[in-house]
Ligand SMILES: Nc1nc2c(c(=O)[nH]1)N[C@H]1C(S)=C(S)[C@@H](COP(=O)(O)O)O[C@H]1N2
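There is one chain below, alone, in structure tokens, taken in the form predicted on its own.
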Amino acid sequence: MLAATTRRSVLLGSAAAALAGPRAFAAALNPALPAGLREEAVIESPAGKRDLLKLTWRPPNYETPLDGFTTPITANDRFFVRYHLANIPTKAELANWSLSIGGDAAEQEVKLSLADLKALPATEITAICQCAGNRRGLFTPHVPGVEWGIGAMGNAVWRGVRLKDVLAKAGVKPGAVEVTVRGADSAVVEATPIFKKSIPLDRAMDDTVLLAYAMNGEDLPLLNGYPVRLIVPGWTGTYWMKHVTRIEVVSKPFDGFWMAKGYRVPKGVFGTDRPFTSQDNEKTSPVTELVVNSLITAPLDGAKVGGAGFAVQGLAWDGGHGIARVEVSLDAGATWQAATLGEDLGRFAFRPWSFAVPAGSGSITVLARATATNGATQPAKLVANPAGYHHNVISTVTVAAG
């Protein structure tokens, strides 16, 4: 199912980047990435996908190269793939898919078919799915985990039903605390913890949280959660469960491995509007909301540009406040100038931006930073944490003008 249909080495070094043109994976050119990744990385096309950077095969982890972000909506076949467990169900195995809803804080057990789900009121939202470990490979010093570059993310239009409407079918008892979700993917070794997550009840009841069956106007790709996945706009992708088969309303905090041990950060290091208090402990908190960030999508780092001036383009995003401004510096951050913001696709979506660099020659370093409407701004220095989450340092490219 995951056999490559195309395969080529990722080119390294500024000269190779020029030869590769817009298909070069810019993050792989960064010397901060681990040497093993830079030497072994290849572009492959797993089932239903086209030209993604393979980081691991079992489980499948593929990221979107820079040329997949030329527009604010990420194409389905260029959308990144993230799994923790290696046994991925096939479409044939999912032909008779159903969703069960229950738990000790549910009033009754309910089972829904895909047709039942689609009979509920439908809604759409444009939102970014981003792995909490995006850009982990650029951490200094390096930290363990999948060594993502810049492309463990994507922005799509998701269509489905509100999770709260599905929960209403089962009923929610007083005293409910969290909602747990698991999918149909499984581990090769039985002792491996199942991948199961929980979200706070108040977040589950938010109008923006969906069970989606469509992505950019088409059925979900298999590797992005077909036939139904959870959409939690503004929160990191670890909560966006794929191939959802079971939902439970529970009266106690869920203590499975991927909540109690995985995806956690030192307490208080990253601010959040809606703390996941039922999952806090004395030292750590769960990763939740995305942090404000930006990406320069053109020109490529190391590119040659004309001396008469050139355009810088990029994307900006945050956890749901929306982008207030993007600024660009051409003097190492001494002064900043406003970039032009593009179409607003919603507060959970990528916001395109552009900036015209005036005529010049020689080496030019462009810095870009985004600021959200709540005042949060990208930092100049990395916020260190053991698992390498929330890398959102100011974006930088250096080009040769003339």
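Note that residue numbering begins at 1 and tracks the sequence as displayed. On a predicted model such as this, the values are computed, not experimentally measured, just so you know.
Omitted from view is the form predicted together with the named molecule, to which the following refers.
The candidate spot formed by 129, 223 and 243 lies fully in contact with the named molecule in the model of the complex, as each residue has a heavy atom within 4.5 Å of it. At the 4.5 Å threshold, heavy atoms of residue 263 reach the named molecule in the model of the complex.
At the 4.5 Å threshold, heavy atoms of residue 248 stay clear of the named molecule in the model of the complex, well away from it. Not displayed here, the named molecule is kept clear of residue 270 by more than 4.5 Å at the level of heavy atoms in the model of the complex. The closest heavy atom approach of residue 310 to the named molecule in the model of the complex falls outside 4.5 Å. A heavy atom within 4.5 Å of the named molecule in the model of the complex is found for exactly one of 279, 238, 74, 180: 238.
Proximity to the named molecule in the model of the complex, taken as a non-hydrogen atom within 4.5 angstroms, holds for one residue of 203, 136, 159, 229, which is 229. Contact with the named molecule in the model of the complex, defined as any heavy atom within 4.5 Å, is confined among 104-112, 298-306, 137-145, 78-86 to 78-86.
Contacts with the named molecule in the model of the complex, taken as any heavy atom within 4.5 Å, map to no residue of 371-398.
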